[in-house]
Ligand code: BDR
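Okay, so here's just one chain, in C-alpha cells, the form predicted on its own.
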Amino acid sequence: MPEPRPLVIDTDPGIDDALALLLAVASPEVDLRLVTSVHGNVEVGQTTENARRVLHLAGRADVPVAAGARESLVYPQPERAGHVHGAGGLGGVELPPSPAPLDPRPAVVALADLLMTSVAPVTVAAIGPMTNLALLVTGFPEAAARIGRLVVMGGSAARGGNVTAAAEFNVWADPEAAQAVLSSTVPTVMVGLDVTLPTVLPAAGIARFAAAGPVGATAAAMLGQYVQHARSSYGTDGVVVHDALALTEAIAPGTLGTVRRDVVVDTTLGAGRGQTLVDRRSVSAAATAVDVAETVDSAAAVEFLIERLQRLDRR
C-alpha cells in the first residue's frame, strides 16, 4: 500500500463533522496530522472541545487540535446551528474529555507550519466556514501554495441553498472568506449540495455500525437529532452526510465526478448573500477555476462510510 497522504481537517463539529473525523481516523489511505477548529455550527470554543473529544473517542487523542477563527472575516455570523446539532453540537451526547492538551498555536499558524515542513503534499479538508483557510491564503500565501489538494464542503451549483433560498450554510457563514478561497489558485474541489443532498445514510446503515461496538454505538447516538432534522428539512428517512462525503473525496480522490468551473461567491448584503455562482456554461481553464462536484454514486459513498465506521471497533 502507498504511504498515507498527510491530511488536515478544518472543522466546526457538528454531528456530520464528527462522522467525518471518525471516517478519517478509520481510513489507512490518509495520515491525519492536524485538526483545526472554526466557528460555525456552534461557537469556536465548543467546536474545539468537540473535535478533541471525538478524536479521543476514536483513539486518536494524539492528533493535535488548534483553535481557529471565532468569527467571520467581515460581518458577524447572525446565527448558529444548534437547532440542527444540539446546543453542544453533538446531538446531546456527552463525550469524555480528551487527556491531550490543546495545541497552543492559532489554527492558521499550526496549519502554515505543517504545510511548510511537510515533505509530502498535504490534503486539506475544510468542512466548516472557510475563515481559517482565507486567513491562510491571504496571510501565509507561501504555505497555502504548498497545499496539494483542498476539498471544501460548501456551496451549490444548481440546487439553491439550505440556510437561505440561495446559500449553503458553510459559505453563508462567511461569504468573504469563501470568495477568498474559491478565487485563489489553490487546487480546490467544491463538494456542495448537488452531491451531498442525494447521499443519505439510512437507518439500516446507522444500525450496522452501531452494532459494531462502543465507538459505532456512540456515533449512532449522536445522529438521533440529525435524523429528525433531515426528515423535517429534506423529507429523507436517514442522514444527509454532507461532511463525510467531502472527506470521502479527500480520502479517495475521484469518488465524485467533477468539472472545472469558474465560481464566484455573492458577498453583497442582499437576499443572494452566500450564493455560489457557478458558471456551468463551459469548462474553465483559468488558474482560479474550481473542480465542482456534480455527480456521485450515493450508494457506494454511503457503503464506504458504513464500512469504515465499523472498522473503528475492530482494530
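In this text, residue numbers run from 1 along the sequence as written. Predicted, not measured: the structure shown is a model, and the values here were computed from it.
FYI, the form predicted in complex with ligand BDR isn't displayed, but the following is about it.
Visitor: Can Met190 be called a contact residue for ligand BDR in the model of the complex at 4.5 Å between heavy atoms?
Guide: Residue-level check for Met190: no, no contact with ligand BDR.
Visitor: Answer yes if any heavy atom of Ile127 is within 4.5 Å of a heavy atom of ligand BDR in the model of the complex; otherwise answer no.
Guide: Taking the distances in the model of the complex, the answer for Ile127 is yes, it comes within 4.5 Å of ligand BDR.
Visitor: Report whether the minimum heavy atom distance between Thr123 and ligand BDR in the model of the complex is within 4.5 Å.
Guide: Outside the cut-off, so no.
Visitor: Determine whether any heavy atom of Phe169 comes within 4.5 Å of a heavy atom of ligand BDR in the model of the complex, and answer yes or no.
Guide: Looking in the model of the complex, residue contacts with ligand BDR include Phe169, since a heavy atom lies within 4.5 Å.
Visitor: Considering ligand BDR in the model of the complex, which of Asn41, Asn50, Thr248, Gln275 comes within 4.5 Å of it through any heavy atom?
Guide: Contact check passes for Asn41.
Visitor: Given that ligand BDR is left out here, which of Thr218, Ser98, Asn162, Gln179 has a heavy atom within 4.5 Å of it in the model of the complex?
Guide: Looking at the other structure, the residue within range turns out to be Asn162.
Visitor: Looking at 90-98, 236-244, 115-123, 210-218, which one sits within 4.5 Å of ligand BDR in the model of the complex if you count heavy atoms only?
Guide: One stretch meets the cut-off, namely 236-244.
Visitor: Pick out the residues of 14-53 whose heavy atoms come within 4.5 Å of ligand BDR in the model of the complex.
Guide: Those in contact are Asp16, Asp17, Asn41.
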